[in-house]
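Laid out below as structure tokens are two forms of one and the same protein chain, each shown alone and named structure 1 and structure 2.
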Structure 1
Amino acid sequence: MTVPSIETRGLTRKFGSFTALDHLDLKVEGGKCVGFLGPNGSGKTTTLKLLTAMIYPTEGECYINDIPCHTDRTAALAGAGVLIESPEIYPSLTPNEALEMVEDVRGIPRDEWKGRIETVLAEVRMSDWADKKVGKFSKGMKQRVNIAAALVHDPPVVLLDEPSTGLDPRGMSEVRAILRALKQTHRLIFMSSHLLSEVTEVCDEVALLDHGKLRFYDTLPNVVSRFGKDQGSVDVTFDHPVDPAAVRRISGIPSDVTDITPLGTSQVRIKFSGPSASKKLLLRILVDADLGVVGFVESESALEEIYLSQISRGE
């Protein structure tokens, strides 16, 4: 193994006669963040529980870093950090103690703990609570400790099931910041979510699950160009209020730009038809025009449209 990876082959799980996951074939490898999307009950948690051998497959197999999860759970999970189903930590433990237990049970040498635990608790903004008992924490605080527990040993593969569950808006944005920082360290992050904004913001690739079946798995731009009805859409932010008409008048704006609409006083959504090449051109022109562009991102709405069109197909 040279890069972190997860893989499922024909992975299937039935509960009685109900098929929660239906022959999932998925291979994800390399340092990146993959968003695992799907409506409630589509089988996301089931997939993650199978990968971590919390439940067993009816058929098929799965691997973390090429290690079979069900026949060698300890070796497979040694290289992974896991957060599934917002677990409860023993209420009498403090975050410090809970993370020490994680490090200890994982067999990580004691001299590596201290600094690492402090760092990760600081990342999830729980330093002030490091020595208070978890039992009295709010849901969001517990979730922060859970995220810390998944990251404390610096794992190459991170599996997260709806990590922002229970967090307030600030907590959510903090989690996004943590995930973005993690990505820069070449980890494989596989994260289920039903928050499209979270996925567009931090993920490089998306997989969509519906009724236990994989609809697609691809990079975000490819998904948009493959399923986006030839419609690209980017949100552009400026450092000052702008008039959409003024943007339209910039010389050299590609002819395939179909629509420019305001999103706020200093943000516009630019829709265009045609290949993603024109997006590159568009960015260059906007920057050259020196209008103070500070943000240029794929519109959430693009993914949202695709999401809705793809999952309704399964009805």
Structure 2
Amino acid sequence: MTVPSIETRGLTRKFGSFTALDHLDLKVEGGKCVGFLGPNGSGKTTTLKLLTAMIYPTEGECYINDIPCHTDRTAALAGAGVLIESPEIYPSLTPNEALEMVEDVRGIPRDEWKGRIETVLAEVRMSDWADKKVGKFSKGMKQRVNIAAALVHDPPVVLLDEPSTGLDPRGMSEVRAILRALKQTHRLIFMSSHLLSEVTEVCDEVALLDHGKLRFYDTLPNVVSRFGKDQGSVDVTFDHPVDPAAVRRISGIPSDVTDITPLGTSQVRIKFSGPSASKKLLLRILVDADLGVVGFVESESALEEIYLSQISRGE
């Protein structure tokens, strides 16, 4: 089985005298979710439009599954599901009818339509709404149908442009749950976003773009280790209510833990002043203490500090 991948080599796009993307070199491969970060105007959407051949580069090349996006556009996009800038769905259509239109455009054989539609609607948790008019849907429900449209031909690569932007908290939660589930299907999900909480919660790796230039690309723990100045925090979730003071009293808690604060009845944020190795020790201690740890992730605040320091440092 071919490993899903996207790659850019010296990818550059200028609009007159303005350089939207500046010699981007990036290779992402394997089944994972990668968050593509950057402020508005950093070049994220331009990159996605170049990958999908919606626009053409001034210089450089890009590839989906090792297929050049611009010289062999049809073959490259056959392996990609794309959702850019949340297209509208005809309100008089049902999800079944809207997805049949997509399958027709994609050239999927008619005898496969029903099975594929049922599968993707189940993936985005819209099976019960398959025959309801889209015009009556919430914005979050419409977005779930749009994601289904990107998945209907079972692509190994999925390109999403800020999929949760503009949704209410419930809609954002629903989309993030879908993304977490998609990670288990061995697809490569490349998702632009400026929502750091979303990236921290969903993504395995992050790439930061600013003024058209790549600042870094790595796993989230490695990014925190490289740029976090040996400081940071983790959010720990338990399967039952926990007193932060009780966590502090556990034998062996690293000495460089500076603060433990509640984020809810069953979640705490633990801040560090020392090296990232302390996080590994803390996780082992909490697991050995049998406190019912069900989540242990870098907190949004750690990524936020790095994000702000990198986009403000200039050239």
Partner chain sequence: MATISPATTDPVASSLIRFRAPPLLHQIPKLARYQLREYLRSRRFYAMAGIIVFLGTVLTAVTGYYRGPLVTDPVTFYGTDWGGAASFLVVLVAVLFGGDAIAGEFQNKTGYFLMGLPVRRSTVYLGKFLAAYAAAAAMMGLFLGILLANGIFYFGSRAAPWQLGLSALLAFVYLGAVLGATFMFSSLFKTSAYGFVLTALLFLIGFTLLQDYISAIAHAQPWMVISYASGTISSVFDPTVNWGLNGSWTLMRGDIDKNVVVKIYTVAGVAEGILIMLGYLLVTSLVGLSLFEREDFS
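Residue positions are counted from 1 along structure 1's sequence. Basically, rigid core = biggest C-alpha set you can superpose within 1.5 Å across the two forms. Note that this is a predicted model, so its numbers are computed, not measured.
Selected structure - the one that is the form predicted on its own: Answer is structure 2, the other one does not fit.
**OP:** Tell me, please, whether between the two structures the C-alpha of Phe238 is shifted by 2 Å or more, with the rigid core used for superposition.
**Re:** Comparing the forms between the two structures, which are aligned on their rigid core, Phe238 does shift its C-alpha by 2 Å or more.
Note to self: Is Asn40 displaced by at least 2 Å at its C-alpha between the two structures when the rigid core is overlaid?
What the structure shows: No, shifts by less than 2 Å.
**Q.** Large Cα shift (2 Å or above) at Gln143 between the two structures, core-fitted
**A.** Comparing forms between the two structures, the Gln143 CA shifts at least 2 Å.
Check: Supposing the core is put in the same place in both forms, how far has the CA of Pro91 shifted between the two structures, in Å?
Finding: A shift of 5.4 Å.
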